[in-house]
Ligand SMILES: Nc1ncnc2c1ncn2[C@@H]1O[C@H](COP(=O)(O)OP(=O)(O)OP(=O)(O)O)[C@@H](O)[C@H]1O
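Below you'll find only one chain, the form predicted alone, shown as structure tokens.
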């Protein structure tokens, strides 16, 4: 875990609904507790990390959630504005170049441009943003889009550079591509569940990431049910009569889920050559800061 958190950029992706934002928040919390100044960049449609810690949405402005822990919601329009100002320098030139009907039509017709500027903002925070003569952030955690879109998002620099070789945008794309291919500075982790569809998508995503030359971080098996009862214990509770019928059924269901978890853990270990870290299923009635603490403790203890 120390080696993982020593990167400049940690990307978390996987099928939607598997807990990407949860793992992003937990990894950021772990790093902040180890004295690192951490920024979580969410590029997904709905901001969630700030809510986990009981804070209002950060939006496009970086806001502090906890000591050493900050978040920002990276959105295309604001990212385009920031990036264009870095190149053009003046607000009036930005408005002339981008705030007109023709430019808006062009931007809407260029679907990869949103990914370019959002990824560019993440890259800038991870490698270019300085504070008092040194990098402002020790670690940037990117809560990336889900599976297919996530792969497209990370592949934008390579695709762009096949078409454009010169200019400030091409220069920055080379910087992004260099960061995303560097195992010393970057790791890309996958989050999945012990279920058929998420497991299969994780296997395909891992293959695609490896074929693209992206450095592999751990595979997080989220929602894992560990076995808690022996067969004899389940049988004893089940024989307890009507008063214990519900308890017996609950124990039996838990063991069935644990068997399913063990099965998919075996499949994933066989098919995906990454370190696999279990993240236990949480029975919390409300998912908040205490839940993130539990997840952070679980992944720190299993590494």
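Residue numbers count along the first chain shown, from 1. It should be emphasised that the depicted structure is a prediction, and the values quoted were computed from it without experimental measurement.
Note that the form predicted together with this ligand isn't included here; everything after this is about it.
Exercise. Does the 4.5 Å heavy atom contact test between residue 222 and this ligand in the predicted complex come out positive?
Worked result: Answer yes; at least one heavy atom of residue 222 falls within 4.5 Å of this ligand in the predicted complex.
Exercise. Even though this ligand is not shown here, does residue 10 get within 4.5 Å of it in the predicted complex, heavy atoms only?
Worked result: Result no; residue 10 lies far from this ligand in the predicted complex.
Exercise. Heavy atoms within 4.5 Å of this ligand in the predicted complex: does residue 48 have any?
Worked result: So residue 48 counts as contacting this ligand.
Exercise. According to a 4.5 angstroms non-hydrogen atom cut-off, is residue 70 in contact with this ligand in the predicted complex?
Worked result: The answer is no: residue 70 has no heavy atom within 4.5 Å of this ligand.
Exercise. Which of 28-36, 48-56, 249-257, 266-274 has heavy atoms within 4.5 Å of this ligand in the predicted complex?
Worked result: Of the stretches listed, the one contacting the partner is 48-56.
Exercise. So which bits of 2-35 sit within 4.5 Å of this ligand in the predicted complex, heavy atoms only?
Worked result: Result: 15, 16, 17, 18, 19, 20, 21, 22.
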